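To begin, one chain is listed below as structure tokens, in the form predicted alone.
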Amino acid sequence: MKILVAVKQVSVLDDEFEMRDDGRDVDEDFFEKDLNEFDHFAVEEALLIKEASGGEAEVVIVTVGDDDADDALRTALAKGAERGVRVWDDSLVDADSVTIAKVLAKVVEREDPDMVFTGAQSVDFGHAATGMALAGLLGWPHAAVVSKLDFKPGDENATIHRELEGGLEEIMSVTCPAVLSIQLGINQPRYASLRGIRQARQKPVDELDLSDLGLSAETVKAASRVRRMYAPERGQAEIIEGSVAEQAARLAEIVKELRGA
């Protein structure tokens, strides 16, 4: 039994940053790179299933990213996953969520897992679309924002709990294999031990390009592009005190000021 966990190395910003000259992203000098927070929970859930089964399950980590993404991959491997897969091609620099899903779908075909886990979303862009797009391409069932999972190797169905709006919770069953997007708080992610970190350096990682997956730069061309990225101007607020008449008078003054009267 195999569980494939898709992870992402995300870009985390400090309070102070500058935009690129083309205005389409933040200057890379202001990025800090790390494993996506949601993906820690997805990896942990796969490892818990593996441990509960007495080691019958194999956990494989996959990421789409350049050499820098190897750090995020090794972080997941240090927690206890057996091996990793990293896919990269320069044509994927501006890849959107659907494009990444196309690549992951080919990895799924290659690995033939019984389940696929992703984080519910990434903390940098927050599209929450990759898992759903991947399931659509595979023709597999999909469930998002999974807050509890009851599944063991060999089960034909998985019972899941999902967080809904207004504090509601949904309990449903999905047929396996399935793609599940894991929510924060479903478990308590473990820290990688020093021994695990050392072992992760020696664990096998398949480094693939598009040709290895039967893809080309044209087939993974993004259907969307970032036209502009910017920090919006910060507004200002004023607490208006006093009697109703005084508050009304002050509001009238503000309106006149905004209209330039």
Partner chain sequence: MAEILVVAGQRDGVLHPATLEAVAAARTVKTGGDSLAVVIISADPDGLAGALSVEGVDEVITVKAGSNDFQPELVEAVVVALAQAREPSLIATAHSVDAWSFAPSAAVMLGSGFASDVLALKSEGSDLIATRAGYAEKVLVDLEFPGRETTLLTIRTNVFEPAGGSSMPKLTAMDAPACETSLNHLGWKEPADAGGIDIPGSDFILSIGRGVSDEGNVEQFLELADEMGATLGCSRPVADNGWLAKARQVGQSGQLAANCRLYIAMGISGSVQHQWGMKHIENIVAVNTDPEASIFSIARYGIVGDMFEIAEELENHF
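What we label the rigid core is the largest C-alpha set whose atoms superpose within 1.5 Å from one form to the other. Numbering follows the first chain given and starts at 1. These numbers come from a predicted model, not from an experiment.
What comes next is about the form predicted together with its partner chain, which does not appear here.
Although the partner is absent here, T75 is not a contact residue: none of its heavy atoms lies within 4.5 angstroms of its partner chain in the predicted complex.
Using a 4.5 angstroms threshold between heavy atoms, G126 counts as touching its partner chain in the predicted complex. In the predicted complex, at least one heavy atom of K221 sits within 4.5 Å of its partner chain. Using a 4.5 angstroms threshold between heavy atoms, R234 counts as touching its partner chain in the predicted complex.
Scanning V108, L149, A95, V174 against its partner chain in the predicted complex with a 4.5 Å heavy atom cut-off leaves one residue, V174.
Remark: of stretches 110 to 118, 67 to 75, 127 to 135, 81 to 89, the one touching its partner chain in the predicted complex is 127 to 135 (heavy atom within 4.5 Å). If you take 211 to 247 and check each residue for a heavy atom within 4.5 Å of its partner chain in the predicted complex, you get K221, A222, A223, S224, R225, V226, R227, R228, M229, Y230, A231, P232, R234, G235, Q236, A237, E238, I239, I240, V244, A245, Q247, in sequence order.
Core-superposed comparison between the shown form and the other one: the CA of L251 exceeds or equals a 2 Å shift. After superposing the rigid core, the C-alpha of I240 moves by 2 Å or more between the shown form and the other one.
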